[in-house]
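Given next, in structure tokens, is a single chain: the form predicted on its own.
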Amino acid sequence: MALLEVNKLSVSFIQYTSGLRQHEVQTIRDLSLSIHAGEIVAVFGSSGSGKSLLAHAILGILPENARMSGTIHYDGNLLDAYRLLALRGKEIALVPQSVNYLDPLMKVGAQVRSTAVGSDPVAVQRSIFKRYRLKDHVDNLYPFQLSGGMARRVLVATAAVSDARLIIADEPTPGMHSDDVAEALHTFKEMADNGSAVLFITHDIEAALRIADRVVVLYAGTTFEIAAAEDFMGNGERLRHPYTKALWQALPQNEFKPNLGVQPQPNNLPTGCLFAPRCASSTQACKESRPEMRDLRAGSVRCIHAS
């Protein structure tokens, strides 16, 4: 049984136009994924694909003007607002994208100690700071006194010292030195090896593939492909969706082939497959209806031509 299961998640926002008229914009649609204990699932996609919104929906921290449908189950039970209050920050931990999640009025050492598990939180905090090359005096600093890279290391440390069963890491490594990125990735791998599930949200597919078991590819707010990490190899012949193959082939160490066009905006989506306007394999059938996710070669894909 999956520890976390997201099924047909949709998220929309109520916005106001001229004349105070309400307008609903759907930013996530029909998004599904699962993650098991001891597994690292990377969620990959370009800016605006819905990665951070997915994290916020799971954690129940969407803004007030958001509307959500679909279901999210944790450990076999529906993850509703009541359960989230009991689990968030304890069994479910967030490594946020923004360093603004650190409490500006609280010294960072105390913030890390507040989530530390064990009989000696001070020793745990000092040990993890040493591991991330944060000097002894850093625990007495406030967030505004940290560099961006230091603040991100503190955020990762906060999750590392917890006993969370599910860690949601939302773009945890931008701005870090390469050594710190490697250490952060090693930490997430350790968490998974110790039985935690790690949802690793990123735009850096190369970093994700260093630790991920599976990769979920998002495009325009929905799931396009779910593949094993080892499928990302060679020229992408084991990948299923044209978009995933294009992303893989665009990397410098591969063909460095540009992916022409842009991701559609939520208020201007094509009627059929969301990728059809950019896809060299698109046919009339692709433009008539949006394909459903289907199982294929030990993965899943949203494309009628994938074989």
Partner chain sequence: MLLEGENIGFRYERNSWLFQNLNISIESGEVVGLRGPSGYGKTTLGQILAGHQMPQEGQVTIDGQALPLKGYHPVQLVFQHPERAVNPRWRIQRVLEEGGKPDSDLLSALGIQKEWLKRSPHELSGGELQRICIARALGNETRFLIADEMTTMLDAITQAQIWQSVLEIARARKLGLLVISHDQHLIKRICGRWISLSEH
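In this text, all values refer to a predicted model and were calculated from it rather than measured experimentally. Positions refer to the first chain, counted from 1.
What comes next is about the form predicted in complex with the partner chain, which does not appear here.
For the chain shown alone, S47 is a contact residue for the partner chain in the model of the complex, at least one non-hydrogen atom being within 4.5 angstroms. Among heavy atoms of A246, some come within 4.5 Å of the partner chain in the model of the complex. Contact check for N235: every heavy atom lies farther than 4.5 Å from the partner chain in the model of the complex. The partner chain is not drawn, but in the model of the complex it has no heavy atom within 4.5 Å of N140. For the three marked residues, M150, M176 and L251, a heavy atom of each sits within 4.5 Å of the partner chain in the model of the complex. Distance criterion of 4.5 Å from any heavy atom to the partner chain in the model of the complex singles out Q265 from the list S281, Q265, S69, T271. Note on contacts: among D75, D213, D180, E91, the single residue with a heavy atom within 4.5 Å of the partner chain in the model of the complex is D180.
Only one segment in the set 183 to 191, 117 to 125, 198 to 206, 227 to 235 has residues whose heavy atoms sit within 4.5 Å of the partner chain in the model of the complex; it is 198 to 206.
Along 52 to 87, not one residue places a heavy atom within 4.5 Å of the partner chain in the model of the complex.
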